[in-house]
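What follows is a single chain, given as C-alpha cells, in the form predicted alone.
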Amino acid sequence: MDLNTLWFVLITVLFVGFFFFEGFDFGVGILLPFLGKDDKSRRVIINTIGPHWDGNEVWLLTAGGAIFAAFPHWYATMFSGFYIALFLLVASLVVRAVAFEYRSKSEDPRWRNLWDWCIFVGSFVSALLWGVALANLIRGVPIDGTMTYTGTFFTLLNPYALVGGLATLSMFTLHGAIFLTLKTTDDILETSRATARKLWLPTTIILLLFVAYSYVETDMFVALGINPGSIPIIAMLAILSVGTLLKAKKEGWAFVMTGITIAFSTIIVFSGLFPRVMVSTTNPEWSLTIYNASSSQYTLGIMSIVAAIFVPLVLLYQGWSYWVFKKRISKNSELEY
C-alpha cells in the first residue's frame, strides 16, 4: 500500500467514525422536539449526548484537515465547488452547537423552546446535506481539465442526491432513536423504543431505493466488482435485522446493526470512488484521483508518522469518555443542559 492509498483509507476511517458517532448525535437532535414532551424530558434527551456531541465533531475536523493536507486539490475543488452547500452545512453545525450551550442560560420556556428547535434544524439540515454531498461525490459533478467545478449550487440538488440525503437523514434518525433506548429510562425509553420500531421500515425502504438508484446513476458497484444482480450484503443484512431485534427488545444489538450499516455503507461509497476522490461528469479523464490531487510523498510521510502517534491516543480518549458516561440518564439525574 503506497502513502496515497494509505491516506485515502485513513480518511475513509475518519468518515466512518464521524458518521457512526455523529449519526446518533444528529438523530437525537432531530427527535428532540417530538420525544421531549416537556422541558424535563428534553433536558434528559439532550444530556444523553451532552458529554459527547462536541467530541464527535472532532472526527469531521480531523477528516477535513486530512483532506486539506493529503489531497489539497480535492479540498480546493470540493470546497470551492460545493461552497454554498458546505456553508449551509457549517452554519447548521454552528447553530446546533450554540443551541446546546445557550438553551439552559435562561429558564424562560420560550427561550428554551427556541434553542430546542435550533438543535432540531441544525441536526436535520446536517443529516440531509451529508447524504447529498456523498451522493454527488459518487455520481460525479462537472469538473474541467483544470480541476475546477463548473456547475452551480442547483447542480448538486439532482434527484439522486436528494434520495441520498433522505437515506442519511432517515438512517441517522433511526440510529439516534435506538441510542436513546440505551441511554434513557421510564417513559422516554418506551417512547424511544416505539419510535425506533416505526422508523425502521421506512428507513429500510429508503436505503434499498438508494442502492437501486445507485446502480442506475453511478459506476460505484462496477468499481467494487459487484454485478447488478447483487447488493452490498453485509450492510443490507444488518439493517434488515434491526426490525427483528427491536421487536425482541434487544436494542443493544440493534444499535450495533445500525452502526454496521452506517460503517459499511460509508466504506462502500469510498471503495466505489477509489482511486478517484471526485468524479468528473464532463470527462472521466478529468476526475480527481489520489495521485493527481495529492501532496508530495514527503508531506504524506511526515503526516503518517504524526497520525501513527496521535490517532490511537484520540481513540483511547474517546473510548474512555464513553465509558465514564455510560450510565442511563433519568429525570432524577443531575442534568447539565
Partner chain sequence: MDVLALARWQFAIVTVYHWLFVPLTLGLGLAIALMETQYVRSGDVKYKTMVKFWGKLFLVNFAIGVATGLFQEFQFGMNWSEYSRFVGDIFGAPLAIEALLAFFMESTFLGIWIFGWDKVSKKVHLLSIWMVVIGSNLSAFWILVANSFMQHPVGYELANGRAEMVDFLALPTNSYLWNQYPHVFFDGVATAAFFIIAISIYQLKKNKNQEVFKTSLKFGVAFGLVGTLFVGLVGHSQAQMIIEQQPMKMAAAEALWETENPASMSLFTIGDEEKMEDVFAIKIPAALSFLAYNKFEGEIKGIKDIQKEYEKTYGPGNYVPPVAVSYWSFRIMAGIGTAMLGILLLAWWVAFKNNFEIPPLVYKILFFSIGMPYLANSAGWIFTEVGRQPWTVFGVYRIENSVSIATTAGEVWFSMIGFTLIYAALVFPTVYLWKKFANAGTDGLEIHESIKSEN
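Keep in mind it's a predicted model, so treat the numbers as computed, not measured. Numbering follows the first chain given and starts at 1.
There is also a form predicted in complex with its partner chain; it is not shown, and the following applies to it.
For the candidate set Tyr149, Phe124, Phe255, Phe210, a heavy atom within 4.5 Å of its partner chain in the predicted bound form is found for exactly one residue, namely Tyr149. Only one of Val222, Ile234, Val98, Ala194 lies close to its partner chain in the predicted bound form, with a heavy atom inside 4.5 Å, and it is Val98. Using a 4.5 angstroms threshold between heavy atoms, Val9 stays clear of its partner chain in the predicted bound form. Interface residue remark: Phe274 is not counted as part of the site for its partner chain in the predicted bound form, having no heavy atom within 4.5 Å. Proximity of Thr266 to its partner chain in the predicted bound form: non-hydrogen atoms within 4.5 Å are absent; the residue sits far from the partner.
Taking the partner from the other structure, its partner chain in the predicted bound form has no heavy atom within 4.5 Å of any heavy atom of Phe270. Partner contacts here mean any heavy atom within 4.5 Å of its partner chain in the predicted bound form, and among 69-77, 133-141, 198-206, 161-169 they occur only in 69-77. For the stretch 302-337, the set of residues having any non-hydrogen atom within 4.5 angstroms of its partner chain in the predicted bound form comprises Ile302, Met303, Val306, Ala307, Phe310, Val311, Val314, Tyr317, Gln318, Trp320, Ser321, Val324, Phe325, Glu334, Glu336, Tyr337, in sequence order.
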